[in-house]
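First, one chain by itself in C-alpha cells, the form predicted on its own.
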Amino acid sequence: MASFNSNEWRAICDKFTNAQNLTETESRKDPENDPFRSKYKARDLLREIYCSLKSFEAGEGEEDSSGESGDQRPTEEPVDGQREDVFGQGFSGDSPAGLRAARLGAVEYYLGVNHVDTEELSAGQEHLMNCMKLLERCRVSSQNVSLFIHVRNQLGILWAGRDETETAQGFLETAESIYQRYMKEDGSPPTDMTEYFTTEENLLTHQERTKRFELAYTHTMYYLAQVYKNLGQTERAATYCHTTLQRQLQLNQFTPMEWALNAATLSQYYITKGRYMEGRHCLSAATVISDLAGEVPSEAAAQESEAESERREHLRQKRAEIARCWIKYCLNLLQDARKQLEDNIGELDTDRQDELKMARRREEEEEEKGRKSALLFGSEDTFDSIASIEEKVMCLFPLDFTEARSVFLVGQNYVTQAKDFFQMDGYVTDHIEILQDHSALFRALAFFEEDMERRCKMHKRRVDMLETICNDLNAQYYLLIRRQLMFELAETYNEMMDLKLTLANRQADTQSLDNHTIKKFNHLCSASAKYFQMFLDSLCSPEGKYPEHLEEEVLRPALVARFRVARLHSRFISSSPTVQLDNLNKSLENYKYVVQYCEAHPEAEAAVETELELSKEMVGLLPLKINRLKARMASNN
C-alpha cells in the first residue's frame, strides 16, 4: 500500500501538474486540425490518477469505514439542494474518508470540465454529477468547500448552455448559499482543489487560497447575473452584475476592455430606471478602466503588423461603443428632465422649474447620501480618476438652458468620438443611429432655449445632418432607416414651422406679415408635408398601391403622418382662393382617411386617440369652411 508521502504519491502529483499544464498552456498551441490534442492527453493522465487513487482507497478503506457517519453512497443522482444540511451531515472534511472523497471528487470534476471543453457535454455532466455524489458523503469544511462551489458553477454553466435556466439557477444559488454560510461560520482560507495533488512544500499561501476562493464565488455571481437576466429578473441581474464587476476589480482579475464594456452596458440599465448617479458611475469607471487596455496603435504600426492592426481596430471600436453609451446617458438625462418640466402643450413650465430649483439642494444632499451607500467601483489607483470624470457631467436633472447645455456638450463630444470609428463607409447603420442621437440631443436642448430664433436654428442643424443622408440612402436596402429619417425630418420641419408661426403671430400684433415671412413659413409647411408623404409612399406596394391594412409597427406613424399632412395643408398661407380650396380639400381628404380607417379597424383607435378625436372634429368643420370659400369664389365671379 502506498502512503501519501511516498514516491508513488509524488508521481501522482507530477501527473496532475502535467495535466494542468496541458490543459491551461499547451492546449493553446494545438493545431486547428487537432484542436483538443493536449486536452485528450490531460484526460488520460487524469484517468491514471483516478485509478491510482482507487488503489489507495482499496488499501486504506478499512481503517475508518466504521468511524464516520454518512458512509452510505447515494443510489440516486443528487438533485441540487436535496440534502438539507451539507454542513452538518457526512464525513468530516479533514478525515481520511473525507479527504479521499474530495480527491476523487476533484478528479471527477477536472474530467467533467475536460469533457465539456472538448464538446462532450453528456460525458462532462456524468463526471460532474459523480463529483456531486462523492461530495454528498461529506460535510462542508475548509478542506472541500471550494470543490462544493466549483462543481456547482460548472453544472450551472452546463445547464444554462442547454437553455435549462431554472436548473442552472438551482445549482448556482446553492453554490452562493454554501459560500455565504461558510464565510459566516468559518471564513478561514479554504484548501484549493489543486492542493489535493500538491506536495507539502508546494502548498498555497493563505493569501493565494483566499484569492482563488473569492474568484470562484465571483464566477458564481457572474453566472447568476446571466441566469437572472434570462429569467427576466432584470433588477436582480443588474445587482449581481454590479457585484461581479466590483469583485473583479478588488481581486484584480479582469480584462480591461471587457470589464469596461460590461460596466458601460450596466449603465444603460440604470439609465432606463432613472438612476443616473449609478449610470454615470458605471460609465466613468468604464472610461477609466478602458484606458488600462493601452494606447491605440498608430495607422503606421497597424500597416506593418496584422496583430497591431487587429488591436487598433479592437480598441477603437470598443471605445466608440463606450462613447455611444455616454451619448445615451446625456440624451436620456435631458429627455427625462424635459418630462419633469414641460406643461400640457410641451413647453417649459416656469412655475414647475422654480419649484424644482428650490428642491435642488435637497436632491444634492440625497445624491451625496446615495454615493455613500452605493457600491462604488475602483481601488486606490482608480477611484480619484473615476471621480474626476463624474465631475464633468451632472447626474441630477438639468433645470435651465445653462445646465442642459453642459450635458449637451458632453454628449456632443462623445458623438464626435463615436463617429470617428463608426463612419458611413463600412458602418452605415451605426453611423446613422449616432446621427439620430445627435439630432435628438439638439431637440432636447432646444426645449430649454427660450429664444425662438435660436431654437429654430437648432432644429435647422438637425435637418442639415439628416436630410442629405436620407435622400442618398438606397431605398431598397435601407428602407426602415429611411422611413425613420423621413418621419424625423417631417417632424423637425413641422416644429420649425410652429416656431415661425409663433414668431409671426407676435409680429402680426404690430405689423402685417411680409412676403419673406410668408414664403419661409410655406416652405417649412411644404417640406414637412413632403417628408410625411414620402414616408406614406414608402408603405406602398411596388405597384404603388397603398395598403388596406397597416401593420402594427407602422400603424401609429402612418395615421399620425396622415393627420399631420391634413393639418399642414390647412395652414398654408395663400391669397389665391383656388389654392386655398385645393389645400382645404387635401386636408379634408387626409382627416377623412384617419376617421374611416379607424371605423374599419376599431383596434387602431387606441393608437391615435387624440388625433382621431381632432380628425372627427375637422371632418365636421372643414366642409362648412370649403362651402363658404366656394360661395365667396362664386360671388366674386
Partner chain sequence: SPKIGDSDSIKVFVRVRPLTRDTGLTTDGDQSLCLSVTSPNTIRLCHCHLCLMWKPTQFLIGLLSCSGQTGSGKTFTMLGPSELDNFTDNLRGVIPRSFEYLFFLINREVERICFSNEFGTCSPSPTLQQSPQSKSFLCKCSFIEIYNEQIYDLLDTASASLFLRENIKKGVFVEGVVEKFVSSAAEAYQVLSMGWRNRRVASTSMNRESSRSHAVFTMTLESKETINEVVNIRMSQLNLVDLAGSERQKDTHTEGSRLKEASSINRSLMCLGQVIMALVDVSNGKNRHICYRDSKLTFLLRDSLGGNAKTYIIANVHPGSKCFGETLSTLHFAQRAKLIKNKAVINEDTQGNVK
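Numbering follows the first chain given and starts at 1. Superpose the two forms; the largest set of C-alphas matching within 1.5 Å is the rigid core. These numbers come from a predicted model, not from an experiment.
What comes next is about the form predicted together with the partner chain, which does not appear here.
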Thinking of Ala237, Pro557 and Val560 as the candidate spot, does the partner chain come within 4.5 Å of a heavy atom on all of them in the predicted complex? yes
Considering the partner chain in the predicted complex, which of Val393, Leu261, Leu435, Val463 comes within 4.5 Å of it through any heavy atom? Leu261
Could you tell me which one of Met193, Ala293, Leu331, Ala527 places a heavy atom within 4.5 Å of the partner chain in the predicted complex? Leu331
If contact means a heavy atom within 4.5 Å, which one of 595-603, 38-46, 578-586, 564-572 is the stretch that engages the partner chain in the predicted complex? 564-572
Residue-level contact is defined here as any heavy atom of the residue lying within 4.5 Å of the partner chain in the predicted complex; does Gly544 satisfy this criterion? no
How about Ile518: is it within 4.5 Å of the partner chain in the predicted complex, going by heavy atoms? no
Mark Glu126 yes when one of its heavy atoms lies within 4.5 Å of a heavy atom of the partner chain in the predicted complex, and no otherwise. no
In the predicted complex, does Leu614 come within 4.5 Å of the partner chain, counting heavy atoms only? yes
Judged by heavy atom distances of 4.5 Å or less, which residues of 223-239 approach the partner chain in the predicted complex? Tyr223, Ala225, Gln226, Val227, Lys229, Asn230, Thr234, Ala237, Ala238
Superpose the two forms on their rigid core, then report whether the C-alpha of Thr429 is displaced by 2 angstroms or more between the shown form and the other one. no
Examine Asp163 after superposing the rigid core and state whether its CA is displaced by 2 Å or more between the shown form and the other one. yes
Superposing on the rigid core, does the Cα of Gln233 end up 2 Å or more away between the shown form and the other one? yes
